[in-house]
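Quick heads-up: it's one chain on its own, the form predicted alone, in structure tokens.
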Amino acid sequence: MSDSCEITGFSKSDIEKYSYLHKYLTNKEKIEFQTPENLEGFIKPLQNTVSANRIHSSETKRRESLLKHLEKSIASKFENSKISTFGSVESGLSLKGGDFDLCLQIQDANQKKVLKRIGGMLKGQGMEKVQIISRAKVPIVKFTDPRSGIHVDISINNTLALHNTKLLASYAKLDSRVKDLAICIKHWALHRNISDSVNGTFSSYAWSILVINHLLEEDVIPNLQSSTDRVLAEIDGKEFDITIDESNALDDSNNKNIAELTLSFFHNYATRDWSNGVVSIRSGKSLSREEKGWMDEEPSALEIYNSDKENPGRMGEHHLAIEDPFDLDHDLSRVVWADGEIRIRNELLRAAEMFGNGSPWKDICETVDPDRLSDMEPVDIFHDLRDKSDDIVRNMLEKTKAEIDSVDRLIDALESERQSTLRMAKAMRGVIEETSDLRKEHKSVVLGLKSRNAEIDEIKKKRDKINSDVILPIHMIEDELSKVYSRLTEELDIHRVPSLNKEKDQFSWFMELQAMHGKAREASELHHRFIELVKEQKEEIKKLKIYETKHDDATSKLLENEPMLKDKNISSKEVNSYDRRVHNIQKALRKRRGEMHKLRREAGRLDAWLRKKSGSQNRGRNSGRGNKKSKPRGKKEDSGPMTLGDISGLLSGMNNETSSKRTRKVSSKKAGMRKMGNLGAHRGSRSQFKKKD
């Protein structure tokens, strides 16, 4: 007897793992979720989630700086190109530290080739984790900027996404609850590991659409895509309706607070009839599957998940159907896998039940597999320092500085090795280029020798084959032909008439001699051609020796000015070897610079904490003196969590001791120009000299 559930097909372990979904599917009666007695108690934790995930101005500045850098270093390399931001960050519905989505617009671009070229550029700039994903519906190149720590996705000509972003941004401007609910839901989805389209769950964009759809159904916001005046645009040869009417408004909007909307969100999608409806914010209501034409195809997620087959295949389409607001043929659930669908539904039911039972918000958002988010910046970057003494933190800082010095010396050594290897490769390439004409002539002769050798071998083969078949030399064949011809044509002696058989033999022999003569002449002509080619080959070999001597002399003269190349085997193969070495050193440099970036951030964090503690202690001592001139402080600086954005001023004010960066050298010429102040060169007029203050 099988231990699997007859309804869900779950094993005992799966029933425990997906207990909320199992209970929902096996309960014949419709589940009615509770409303917590103290719903107000959720407002503060939800507001804290919004506040903690708010994008700080320092992060915005880092993004702007990175965008300017990419515009100069990448977009400028493609003629008539433009780089634009889109996605959650641009629409305002992003969590702190979310991916930075960029669209590079290039006319008539081969996306895969452009992405490959961009990937090479990014690696050359020292960007980390450069990854080209060319098989996605929208091919992208992903990377991390080591200086700012920002994760970036660049797509090519993803123009429709710009309109999607504009639509979501317009909704976000209508009501602050749009952004608040989106951040809370995305925070929950991220920590419950159901916001990862690469690994078979909803994308962040899909969760945004679900939030907008819920608020439309709750009459919190109006439908911005409903208008009598339609706006059509042709994108990639296809026409789209991109109507966005920001003047739309509701006569009587819903005034529910963030806690009520979060609860109703979970209740809505946990008990939604996914098998019969399609989410459509364009329509402002759920569409029937018959109306949309998207059937709930088989096999189901449960059938695929419970299959005993080694490769059960893909499940049917349109199970958790979500229509894209502009690309009406695109179902946002197309990326969802069978186990992803089960996890999403289970988590929605779990959240709805826990919220209804009054469970704390932090428990509802308890992180699945914390190691998965280990790279994320903690809400409080000082969380591990608060219980440590100042002496321990100082020791940590000194150790970090020592590691910075060590890595810095290693980077210097690698950079020196890289420059030396580059010079060697460049010098070798220079020698090769200087002797390129001789090399070309030499190569031409060698190629001629090879082709002529092949021809000689072929002629010799044919000649020898004929000589093996025709044993008699041509002069003997001609003599014999003459004799037979004479016998066959001389006047007959009536007393010595040859027999008929003998006369037949004579004619047969004559014909055979004629055939032999033709072959012998061919062999003779082949032999003469063979002799000519052998003579040409000898002459070319003499030329080859002359070119080799000239090349050696030219190379020797060049090497007199390049002592580093002494005793080196100069060849294209050797140059390629040095190029590979440069590439490997560059990879090592990128890795070490990444380590340096992390160490400097850690040093800055430790130093900021020490100065923060020192500032708090000084204020404590000063407050006991009754100094009337001192200004009152609203809050102690060491109370509550602090994010990187909150201490951006502290980090930017660090002294030179916390950074191992060298002082930038300025040439005497540039320094002199700076002292001269404002000078300009304009046709027809001369700027006045202004002494610098």
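Numbering starts at 1 and follows the sequence shown. Values in this document were obtained by computation on a predicted structure and should not be read as measured data.
Here the subject shifts to the form predicted in complex with a small molecule, a form of this protein not shown in this document.
Using a 4.5 angstroms limit between non-hydrogen atoms, residue 330 touches the small molecule in the predicted complex.
The closest non-hydrogen atom of residue 269 lies beyond 4.5 Å of the small molecule in the predicted complex. Contact annotation: residue 186 falls within 4.5 Å of the small molecule in the predicted complex, judged by heavy atom distances. When contacts are judged by a 4.5 Å heavy atom cut-off, residue 205 counts as touching the small molecule in the predicted complex. The candidate stretches are 590 to 598, 413 to 421, 114 to 122, 80 to 88, and the one lying within 4.5 Å of the small molecule in the predicted complex by heavy atoms is 80 to 88. The partner is absent here; in the predicted complex, the one residue of 95, 172, 321, 425 having a heavy atom within 4.5 Å of the small molecule is 95.
For the options 157, 164, 286, 306, the one in contact with the small molecule in the predicted complex, meaning a heavy atom within 4.5 Å, is 164.
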